[in-house]
Every structure is written in C-alpha cells, then in structure tokens.
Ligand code: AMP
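Only one chain is given next, in structure tokens, and it is the form predicted alone.
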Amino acid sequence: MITGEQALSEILNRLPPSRIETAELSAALGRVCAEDVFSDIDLPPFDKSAMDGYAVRSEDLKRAPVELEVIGMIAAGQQANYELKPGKAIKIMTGAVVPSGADAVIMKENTEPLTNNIIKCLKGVRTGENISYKAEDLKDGQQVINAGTRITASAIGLLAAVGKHQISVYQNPRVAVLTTGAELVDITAKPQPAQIRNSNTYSLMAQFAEMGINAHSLGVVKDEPAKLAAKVNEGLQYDFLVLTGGVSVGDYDIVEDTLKKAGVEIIFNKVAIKPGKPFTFGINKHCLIFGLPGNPLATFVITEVFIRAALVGFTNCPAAKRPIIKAGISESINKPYERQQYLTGWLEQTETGLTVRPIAGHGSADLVSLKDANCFIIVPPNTTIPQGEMVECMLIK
C-alpha cells in the first residue's frame, strides 16, 4: 500500500504528452488555450459615446441650464463629419464616434428639446463624461489571453472582438467510464432486495463534465469475466479508462485480473487513504486505467484527488485544480486513523475567519453527507485534531 502522494506521483509521471489542435471560436468554450493571444486592434477603436444624448463641450455647460443649437446627428457606424464649435451640440447615439471638438456627452434624459434644433441642457457635465476613449480597454498588440487559460463565455466575446476566429487549444482526453456490479439496476428501476441504483455512472460523468470533459459511458457490466473483458478492450482505445466497482478482494472482484489479461501493467492497487483504499492504477500503451471502488463517496474522492489532477496535467489547465486552503476546525477529531482521511465538511467565513465544520457521515457509501459538503477536510495519518486548529481543506464546490 502506497501513500496518496506516491500514488499521485506515479500517475502524473505516466501522463502522455499533451496534444494541440485548432478549434473554431464557436467550439472553443471550456477548452484550454494553447497559445498566447494578442489584440490586433485598439479597443475601443475610436472615441465613442457610452450613452444616447448630445456631444457637447463641457465648458459650454458650466452655467447650466443652458441652451445649445443642435447642428446634426451621428449614429453608430457613421463617420463623424463634424467639428463642434462653442454653443453647439450634436445628437449622438450609443457607440457612435465622438466628433472633433466635443469632450463630453450629456445624457438625453438631462436635456429638454425646445425647438427642432435647440435643446436646453439641464445640468453640467465633466470633461470625458459618457465617453469611452480609444484604446482605454486594450491596445493594439496587447496580450489578451495566456496559454493555459480555460476559455470562458466572457473570453469568447473578447476573442471575437480581436478577430480570433480560430484558436489553438489543448485536446481534451477521450475518457471512458465503465461501471461494474451484479447488484446494480438502472435509476429508472425500483431496486429489489440486495439491489442498488447505479449512481456512480451519473456522478462520474458529472464530475468530468465539470472539468470540461465529455466522457463516454460504456454502460454497466455484471461480474462476468467474458463480458467485462470485452468492455475493457473497448475502453482501452480511449486515453483514460475509469472503472468503478470490482477492485477489492472479494470473490467477485475480477476487475484487476481482467485488466492484467488485457495487457494492462498494474502500477499499484492500494492507496493509504480513507475512503478509497482499494484503488487500482495501470497503463496500457497510451491508455491510463483507473479502477475505483464501488462505494460512491470513495469513487468521488479518488476522482477529485487523483483523476482531476491527471486531467489538469493532460490539458495544461491549472485553473481546473481544486484549491486547498486552511481553516479553523469547529470541533475536534479525536479518532486517529492509519490512512489519510478525506472527511466531508462545510467551509464558511465567520467573524473569526474561515471555519470548517465536519459533516457526520456513515462511511464510504454516504451520498447524503457528500451532497451537503463544499470541501474535504484532509486529516493526516495517525493524527488527532483539537477544536480550533487549522486544517487543510480541498474545495469541491
């Protein structure tokens, strides 16, 4: 049995090289940028009005209310073929070019029309008011996004603004999920005695989706060697094969033996963590294989602690890492354990600082305590923790 740190090192040392591809901007959401991106224009590209109103000289409005003559109008997309003189105003729309001579825009709501070409300005304006100046957001040649940045919806808009219609991104790994167990029934079925619904497939697929990975489910296989072998061989065509169930030492735990017969080199099969001790990791050519226990909480913990780290490494996306922060524990942990524990907890900001409260659970199959948690409290091996002591917490929400 190896430590969690050793297990993580073994996994990360066997990651295949990252792959880069070109994606259309419309398909880049959630992907990880593989290049530094620079703007090809100034943003805004010209001095533009931030409001519907009138382009004015702020000097003319110092003694407001004042009357000004309106000499024209500029709409968005039109050239500003005017030069504003003292005592004059130009009607202007949001996004339109500010004309020469104007140094402010007064909002339409702060004016009153007197005739077709005379307005009363009811209040003054500051120099620069309601004007977005050229290049105040971004200069031509300025870096927009760093390589390694996950592309969000807001980043998509910026990339479009600088004309980046195609972008280099790291390829997402192809991930297959295979669930095993004769006791499992579909979530649409009412479990009979000795049966449980298959929650692990849904939980795993959701965890991968949160990481931006569209995993493929290979379905559920009963504890039958021939059927399991066929599904394993199918899964070995992917970059990551994640199996859940059948990795312990019972008579029907046949996953590890099946993997070996399929040519998988087993790197380790026990890790000193709780929950999640019966955790198998192996490799077959380009494919990394993760054999997880069937208990839902253990499956969730291993995926967050180990598989997420592997996906972060594969996609070069540091932003996908789960943050680990310290907080004062609200109650003591008096039962030391020989393995490192990941306890469900609730982390919150209080008057005295960050505080974490352990959530009472009922073992590695407890989905209810997991639903109510926003972190895992990391308890080192053979350790008791008095109330108020600072502990490490891995955020999971």
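Numbers for residues come from their place in the sequence shown, where the first is 1. What you see is a predicted model, and the numbers here were worked out from it, not measured in a lab. We call the rigid core whatever largest set of C-alpha positions still superposes within 1.5 Å between the two forms.
The protein also exists as the form predicted together with adenosine monophosphate (AMP); that form is not presented, and the subsequent description refers to it.
> May I ask whether 184, 196 and 293 each come within 4.5 Å of adenosine monophosphate (AMP) in the predicted bound form, counting any non-hydrogen atom?
Answer is yes for this spot.
> Quick one: does residue 179 come within 4.5 Å of adenosine monophosphate (AMP) in the predicted bound form, counting heavy atoms only?
Residue 179 belongs to the contact set for adenosine monophosphate (AMP).
> Is it the case that residue 246, even though its partner is missing from this view, gets within 4.5 Å of adenosine monophosphate (AMP) in the predicted bound form, heavy atoms only?
Yes.
> For residue 200, is any heavy atom within 4.5 Å of adenosine monophosphate (AMP) in the predicted bound form, or not?
Yes, residue 200 is a contact residue.
> Determine which one of 134-142, 100-108, 238-246, 207-215 lies within 4.5 Å of adenosine monophosphate (AMP) in the predicted bound form, judging by heavy atom distances; exactly one does.
Going by heavy atoms within 4.5 Å, the stretch is 238-246.
> Does any residue in 372-395 get within 4.5 Å of adenosine monophosphate (AMP) in the predicted bound form, counting heavy atoms only, and if so which ones?
If the 4.5 Å heavy-atom criterion is applied to adenosine monophosphate (AMP) in the predicted bound form, 372-395 yields nothing.
> Aligned on the rigid core, do the two forms place the Cα of residue 319 2 Å or more apart, comparing between this form and the one not shown?
Not so; residue 319 is displaced by less than 2 Å.
> Core-aligned, does residue 172 move its Cα 2 Å or more between this form and the one not shown?
Comparing the forms between this form and the one not shown, which are aligned on their rigid core, residue 172 does not shift its C-alpha by 2 Å or more.
> Once the core is aligned, please say if the CA of residue 303 is shifted by at least 2 angstroms between this form and the one not shown.
Moves: no, less than 2 Å.
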